[in-house]
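Okay, here we've got a single chain as structure tokens, the form predicted on its own, with questions on binding and movement later.
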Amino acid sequence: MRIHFEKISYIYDRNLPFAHTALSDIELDIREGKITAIIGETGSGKSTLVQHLNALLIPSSGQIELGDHLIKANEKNKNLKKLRKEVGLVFQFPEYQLFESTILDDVAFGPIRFGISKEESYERARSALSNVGISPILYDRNPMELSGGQKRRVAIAGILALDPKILVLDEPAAGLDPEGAKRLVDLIVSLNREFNKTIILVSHDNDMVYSYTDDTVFMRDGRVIYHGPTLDLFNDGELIKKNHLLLPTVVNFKNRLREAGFEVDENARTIEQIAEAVSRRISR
């Protein structure tokens, strides 16, 4: 499903004295079947950008092509229900998406609302919950009784039950402990690799971005500063310095190893991969 932004701008409170331009002339193509990160400082336009993907926001100017859907500024957009089935958005705070009295009812709500039979909707809900690692013994629990990581998994399951082509996650690991964040990232990667979902995630965690994403969109002041392979971004010293971008821990570690005389593969993304490379070097 193609994702193409063409000269997209968005102005909050347009035509009012306190109007604010959040996006300016965004030109962007996001690769299908890949994991793409959107990074940048708070207020750079990241969340505004992704809310255009399922028409929660309509552009002030420009247009967005999402597969067969075309969202244009100043036009009444049709078929938004179908679009929102194909593009699933998981908010930063899962509590915004969890409202039924039980987990199973919550995840089945979406398919039922989209006209799928009740029997099939609950079958989809069970399958989605299984895929995100939620045990059946929790299905009758109230979602608000879950841990932060479990709530995020249930929120993701509620979107997966619709079988979207694109999954958009806003700060998916925010507030989670390192172990919970790692489990969630592993889930995101498996959804991409095993189920061929196009994943778009907004994140401030450059360590996670560096280790697990294919491409990165770096935003600043409502504009795209960089869009391309994640490794190329964090290997561009001039761009990093100019934009005061925080280097991932793994990149700093690789740089220190090189200073100590160790050759490290540019494609090594995790501490485990680097440790393996160093071990091979020592053994030689």
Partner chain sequence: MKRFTFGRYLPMNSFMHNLDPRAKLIAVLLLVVAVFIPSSFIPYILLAVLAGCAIYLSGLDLRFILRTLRPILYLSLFLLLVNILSLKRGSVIFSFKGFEIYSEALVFTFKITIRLLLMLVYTTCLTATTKPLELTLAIEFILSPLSLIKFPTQEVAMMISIALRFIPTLSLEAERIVNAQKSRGVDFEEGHMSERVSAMLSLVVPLFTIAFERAYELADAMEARGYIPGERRTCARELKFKNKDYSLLAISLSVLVLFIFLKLNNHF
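Keep in mind the model is a prediction, meaning the values are calculated, not measured. Residue numbers count along the first chain shown, from 1.
Another form exists, predicted together with the partner chain; not displayed. Remarks below refer to it.
- The unique member of F93, Y122, Y139, Y210 whose heavy atoms fall within 4.5 Å of the partner chain in the predicted complex: The residue in contact is F93.
- Pick from S61, N54, S44, T36: which has a non-hydrogen atom within 4.5 Å of the partner chain in the predicted complex? Contact with the partner chain in the predicted complex is made by N54 alone.
- Using the partner position in the predicted complex, report whether F114 sits within 4.5 Å of the partner chain, counting heavy atoms only. Residue-level check for F114: yes, a contact with the partner chain.
- Should A173 be classed as touching the partner chain in the predicted complex when contacts are defined as heavy atoms within 4.5 Å? Contact with the partner chain, no.
- Query: Might K81 be said to contact the partner chain in the predicted complex, defining contact as any heavy atom within 4.5 Å?
  - Reply: Looking in the predicted complex, residue contacts with the partner chain include K81, since a heavy atom lies within 4.5 Å.
- Query: in the predicted complex, does A260 have a heavy atom within 4.5 Å of the partner chain?
  - Reply: A260: no contact with the partner chain in the predicted complex.
- Item | Listed range touching the partner chain, judged in the predicted complex by heavy atoms within 4.5 Å, from 127 to 135, 174 to 182, 190 to 198, 155 to 163 | Going by heavy atoms within 4.5 Å, the stretch is 155 to 163.
- Task: Within 4.5 Å of the partner chain in the predicted complex, which residues of 86 to 124 have a heavy atom? Give them in sequence order, or say none.
- Result: Going through 86 to 124 in order - heavy atoms within 4.5 Å of the partner chain in the predicted complex - the hits are L89, F91, Q92, F93, Y96, Q97, L98, F99, D106, F109, G110, R113, F114.
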